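Presented below, as structure tokens, is a lone chain in the form predicted on its own.
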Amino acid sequence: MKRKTGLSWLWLLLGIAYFFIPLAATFLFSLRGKKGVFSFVAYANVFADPLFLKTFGFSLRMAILTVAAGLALIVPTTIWLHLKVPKARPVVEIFTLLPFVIPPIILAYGLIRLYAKPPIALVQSPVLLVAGYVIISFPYIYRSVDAGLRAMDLRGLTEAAQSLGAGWLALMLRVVLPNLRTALLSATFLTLAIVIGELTLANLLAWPAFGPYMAQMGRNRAYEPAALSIISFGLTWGAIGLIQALTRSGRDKASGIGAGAH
């Protein structure tokens, strides 16, 4: 047991080092914007650039729309798969691997060729960008929801709720989604991180997103890209923490209301 515990701590420390050492090195490099001393000059230059907040705000809005569209599309479909056609799940899992196999540049050119002309001309609309982001985030959303559904007795909960007179809407809102809270949060976090840093789709579809802005900054500056990476990391995790705090607050309020009613 002691040996297993020691190995567990060893792998944990190696994982932490693998994650934080490059981050710490990037942070230290970003402080060398002023020769001979550590300073936050690079950070000041980034915050002074009006494109920084504009591009990050745009990508954050696209990420929120992607999360909403992806969950609205994938959650009911995955529940239907588990309840009605569980034998089709291996086929769907193969489709979830396609975004890893097909490069984003192929996806972007396909969307441009298909939706550049009437009757469905969407190249100038952010709807097409969100649709592309939903495709890219599809594997992460589906696998998070699928894992959450596997962890619960979905069929038993459904039969129990329906035997008590619950309809499908009540079943989804009061039974299934509360039990999927952790899975939905995982899908949301992954999608936010993917969309905010995405480069290819936003660049080829000519949208002022945060990924192309970071790439352009990396071509023209030395220390500002490192500062921008640290800032984007902090902002992304800040948005994730805010979502988690709001979700936890809503859960605590619901628990308090339930306890009071009881």
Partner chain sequence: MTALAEREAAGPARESEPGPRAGHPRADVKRSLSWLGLVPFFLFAFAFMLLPASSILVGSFQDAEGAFTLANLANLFRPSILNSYIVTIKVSATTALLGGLLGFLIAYAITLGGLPKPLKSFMSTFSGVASNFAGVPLAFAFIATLGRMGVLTVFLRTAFGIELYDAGFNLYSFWGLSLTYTYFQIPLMILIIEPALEGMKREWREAAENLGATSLQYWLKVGLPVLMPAFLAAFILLFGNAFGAYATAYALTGGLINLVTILIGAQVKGNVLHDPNLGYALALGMIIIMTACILAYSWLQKLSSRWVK
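Note that this is a predicted model, so its numbers are computed, not measured. Positions refer to the first chain, counted from 1.
Not on display, but discussed next: the form predicted together with its partner chain.
- Task: May I ask you to check whether residue 155 falls inside a 4.5 Å heavy atom distance of its partner chain in the predicted complex?
- Result: Close contact exists here: in the predicted complex, residue 155 approaches its partner chain to within 4.5 Å, heavy atoms only.
- Distance check, residue 233 to its partner chain in the predicted complex, heavy atom within 4.5 Å: Output for residue 233 is yes: heavy atoms within 4.5 Å of its partner chain.
- Query: Wondering, does residue 172 line up within 4.5 Å of its partner chain in the predicted complex on heavy atoms?
  - Reply: Contact check for residue 172: no, nothing within 4.5 Å of its partner chain in the predicted complex.
- Would residue 90 count as touching its partner chain in the predicted complex under a 4.5 Å heavy atom rule? Residue-level check for residue 90: yes, a contact with its partner chain.
- Would you mind checking 95 to 109 for residues with a heavy atom within 4.5 Å of its partner chain in the predicted complex? Stretch hits, in order: 95, 96, 97, 98, 99, 100, 101, 102, 103, 105, 106, 107, 109.
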